[in-house]
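A lone chain, given as structure tokens: the form predicted alone.
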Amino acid sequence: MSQIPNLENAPINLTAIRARAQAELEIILKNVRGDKCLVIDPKLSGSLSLLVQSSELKKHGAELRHLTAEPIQTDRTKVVYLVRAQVDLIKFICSHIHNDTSKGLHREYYLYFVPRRAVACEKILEEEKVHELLNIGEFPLYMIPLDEDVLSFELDLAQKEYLVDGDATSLWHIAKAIHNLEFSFGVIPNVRAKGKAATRVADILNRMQAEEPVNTSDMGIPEINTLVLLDREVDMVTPMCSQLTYEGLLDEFLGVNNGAVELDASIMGVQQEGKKIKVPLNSSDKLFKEIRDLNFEVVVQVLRQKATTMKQDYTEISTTSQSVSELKDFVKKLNSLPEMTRHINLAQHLSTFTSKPSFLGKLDMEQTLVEAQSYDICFDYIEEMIHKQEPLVNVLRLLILFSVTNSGLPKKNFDYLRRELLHSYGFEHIATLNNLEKAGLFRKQDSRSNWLTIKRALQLVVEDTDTTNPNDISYVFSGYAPLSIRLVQQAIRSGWRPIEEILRLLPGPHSEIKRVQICVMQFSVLIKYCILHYSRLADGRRSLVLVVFIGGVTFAEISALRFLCSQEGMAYDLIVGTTKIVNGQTLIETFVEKLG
């Protein structure tokens, strides 16, 4: 199965977006005639695997290499660099060119920035005296479809850059990606934003429309009705909790990267010592599409039931005479056997983690932290983790959850835990703790916590959650309803106004903007709008909402949004945009910075 997802069932034409990116990459490769060495920024190579097969790149005479500090080993005379605009990567390229020059090697060098060039990077090229040796261009890859309802802007450091470094470049990139969508699907008329970064993206988007307008009379009716922009900073509780959906747990324990997990072949029943295999995970796999968003407890039951049914069918086939059509039906079921085997192997492997007492104890503590009513128990648990020297990221994950639900820790407790962390894990981690403090994730308490008020008002903790036949999004965390998705529910249903008091208790400003008023539309466009609206209702299609998470989204949150879409009476289809798919660990790792 390909890692490139099938987008045929997407609510908007994502296939066209991907095809455009593929065509732009092909132009770059064709522009550099003949054999070439294509040197790709390692983080970009994962993104590109969702666009093109490596075999396609090789058809254009490209020999593939990953960009590292080490000189490129190739006999090709043309070298094409495909990199994000990051200073450390540009320094690697300068080093490569200097190394070739010192050896008397004469090559043609091409540098394509993704998605656009940066002044700081070009300055380094000039200082290193290699600017004149490079043919410089851009590969404007602002977003990639990860699946039929998920778009990624591939900006994994967006939250850290904005909150800690004060660098808003990624916000411009997000607005540009959305504005590019508008050129294909029309100006989005309703924009609702919550959080500092989110409201800023909304402002940049408006400015872009003023400076480079989408012609509304040419476009006709916008295909996307509403844009909801949500800052990760508004809800840091959700990513710090352990996800309990199937896809969420795969990410927690195995790490889902660019729609695939990489793991030992033996786990998948392939007996090859030390061999790693990639298992694609997207909606092209029908069984995965069916079970990805379920609570893991239910997934095990579903797989068991399917295996039992298949076994019974096999027994019937082998012991009784069957008609041709019955045999045909059985063969159809056999075609799904590879998918069944794949997910039984993955689920069995996940069970080795989820059945451990340490994991179950961690879930209990997360529940206690979300309840925010047993301060001393939580403090003692985290202190004990530090003294046992459990992995630092695991400790920080609970510590952030503790700090966020209490609006920080009293100075005495804050200073004590900070000191203990540095003593146990080393003073080189002081920069990480400073980053977390600057981002407001682990800090001193300066006001009374509002968490209990928020929790009650938005019904974030749901007693007796039915994970088998859920009637609420709280099933994704077995009792905790993600704050972010409660906000999205509200934004879609009735806008911000009914919950303005609660919004003021959460970080950052909020805004609600009407960008294209129906009253200023041309009469002919207005008629079209009415016809389209009623024809959509008639054929069962619904209005479309784009929900953008600035700073990352978890698979559990995506599952919760898909659950909302599946509910009777839901008037909207949802598509998710995100800077990156994250979990508690990968999000914290973006703030980790070791001194020395």
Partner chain sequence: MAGVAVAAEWQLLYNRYYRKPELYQMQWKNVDLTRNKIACAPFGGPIAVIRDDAKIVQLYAESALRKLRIFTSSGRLISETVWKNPGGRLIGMSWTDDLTLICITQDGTVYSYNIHAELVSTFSLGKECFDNSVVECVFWGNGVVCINEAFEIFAVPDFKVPKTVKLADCNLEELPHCIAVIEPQYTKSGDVEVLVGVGDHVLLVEEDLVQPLAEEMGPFQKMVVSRKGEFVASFTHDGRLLVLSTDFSEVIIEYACESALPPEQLAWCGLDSVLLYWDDMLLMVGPFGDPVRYIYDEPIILIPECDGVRILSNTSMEFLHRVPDSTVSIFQIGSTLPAALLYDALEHFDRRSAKADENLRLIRSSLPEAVEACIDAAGYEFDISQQRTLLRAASYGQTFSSHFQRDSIQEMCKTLRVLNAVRHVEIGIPLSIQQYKLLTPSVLINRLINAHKHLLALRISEYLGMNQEVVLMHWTCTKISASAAIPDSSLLEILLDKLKLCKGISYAAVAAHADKSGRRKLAAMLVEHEPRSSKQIPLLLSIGEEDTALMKATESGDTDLIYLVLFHIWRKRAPLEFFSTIQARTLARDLFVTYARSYKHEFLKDFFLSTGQLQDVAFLLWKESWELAKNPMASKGSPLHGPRIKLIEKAHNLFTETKEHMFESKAAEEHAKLLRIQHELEVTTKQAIFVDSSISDTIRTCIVLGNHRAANKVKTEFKVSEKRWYWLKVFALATIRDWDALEKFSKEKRPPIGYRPFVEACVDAGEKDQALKYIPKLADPRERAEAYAKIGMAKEAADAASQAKDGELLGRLKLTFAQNAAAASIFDTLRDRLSFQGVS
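Residue numbers count along the first chain shown, from 1. Only a predicted model underlies this, so the values are computations on that prediction, with no experimental measurement involved.
What comes next is about the form predicted together with its partner chain, which is not displayed.
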Counting only non-hydrogen atoms and a 4.5 Å threshold, tell me whether 118, 204 and 424 all contact its partner chain in the predicted complex.
yes
Only one of 206-214, 503-511, 151-159, 104-112 gets a heavy atom within 4.5 Å of its partner chain in the predicted complex; which is it?
206-214
Is it the case that residue 388, even though its partner is missing from this view, gets within 4.5 Å of its partner chain in the predicted complex, heavy atoms only?
yes
Is residue 72 a contact residue for its partner chain in the predicted complex, using a 4.5 Å heavy atom cut-off?
no
Just checking whether residue 355 would be counted as a contact of its partner chain in the predicted complex - the rule being heavy atoms within 4.5 angstroms.
yes
So in the predicted complex, does any heavy atom of residue 486 sit within 4.5 Å of its partner chain?
no
As a check of understanding, the residue in 383, 466, 290, 264 with any heavy atom within 4.5 Å of its partner chain in the predicted complex should be identified as 383
By the heavy atom within 4.5 Å rule, which residue out of 168, 134, 187, 256 makes contact with its partner chain in the predicted complex?
168
If we check its partner chain in the predicted complex, which of the residues in 83-106 reach within 4.5 angstroms of it by a non-hydrogen atom?
87, 91
